[in-house]
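For this one, two forms of the same chain are given in structure tokens, first as structure 1 and then as structure 2.
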Structure 1
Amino acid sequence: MVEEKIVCIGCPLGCETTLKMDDQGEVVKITGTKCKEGRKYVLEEHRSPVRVFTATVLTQNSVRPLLPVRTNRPLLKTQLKEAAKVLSKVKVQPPLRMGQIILPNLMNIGVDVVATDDLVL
């Protein structure tokens, strides 16, 4: 049987939980949770752990050296480092508005990178 340990972030308690999977990868047992929401969270975190991805990109012809950005949808936990690598090579120019797409279809996964601030000058 395969095990996975997940810390629940649903509340300050931070329960350390253990999921047990059968040979088909189905979760058969969850231990360590203390509430229903916790069980829901750890199941979700087990199936597809996603994270909001934020970063900065370099600018050109701007008084500001950097522009903060984010993806318009969360990424899988395993995609974060690759996303950071891709964005380290991106350069943007003013004018840009908050919410504007600065890089469409990041890593061909159908997620866009958008500006989280205006870049006026």
Structure 2
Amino acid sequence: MVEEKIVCIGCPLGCETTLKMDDQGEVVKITGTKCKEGRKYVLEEHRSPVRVFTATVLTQNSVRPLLPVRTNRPLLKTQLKEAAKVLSKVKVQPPLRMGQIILPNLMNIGVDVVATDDLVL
């Protein structure tokens, strides 16, 4: 049997969980969760881990050299490096408002990149 340890962040408890999998990779036992949400989170994290991607992009014609941004919904963890490569080539110009989409449909996966701060002249 194979084991995988995952720290659950489904609630503030931060349970240290262990998943036991059979030879086919199917989860047969989960230990360490203290709530129903924890079990759900750990299974999803094992099967398809996702993260909201946060980064900065370069600016032009602004006193600030960088603008903080994030995706409007989570990406698969396997997509994070490619997202970073795409955003490294993006340059934005003021004026921009917090929440404004600066890059729609990132990597054609239906996720938008939005500004997390205002960018003024």
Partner chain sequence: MKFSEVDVAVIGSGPAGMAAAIKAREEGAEHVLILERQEQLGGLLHQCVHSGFGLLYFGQDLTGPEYAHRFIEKVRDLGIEILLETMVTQLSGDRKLTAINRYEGMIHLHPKSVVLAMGCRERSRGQLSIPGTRPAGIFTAGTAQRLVNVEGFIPGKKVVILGSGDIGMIMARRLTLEGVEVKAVIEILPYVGGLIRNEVQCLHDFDIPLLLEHTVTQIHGEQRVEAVTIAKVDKHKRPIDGTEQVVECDTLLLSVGLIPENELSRMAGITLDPLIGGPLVDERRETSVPGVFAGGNVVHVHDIVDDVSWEAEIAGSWAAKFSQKGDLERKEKITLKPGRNIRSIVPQTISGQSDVTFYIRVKEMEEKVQLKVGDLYQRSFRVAKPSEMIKVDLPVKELKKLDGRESELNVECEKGE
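Predicted, not measured: the structure shown is a model, and the values here were computed from it. Take the two forms, find the largest set of C-alpha atoms that superpose within 1.5 Å, and that set is the rigid core. Numbering for residues begins at 1 and runs along the sequence of structure 1.
Here the form predicted on its own appears as structure 2, and structure 1 shows the other form of the same chain. As a two-part rigid-body motion between the two structures, the smaller part of the chain turns against the larger by 26°, taken from C-alpha fits. Core superposition gives Gly32 a CA displacement of 6.2 Å between the two structures.
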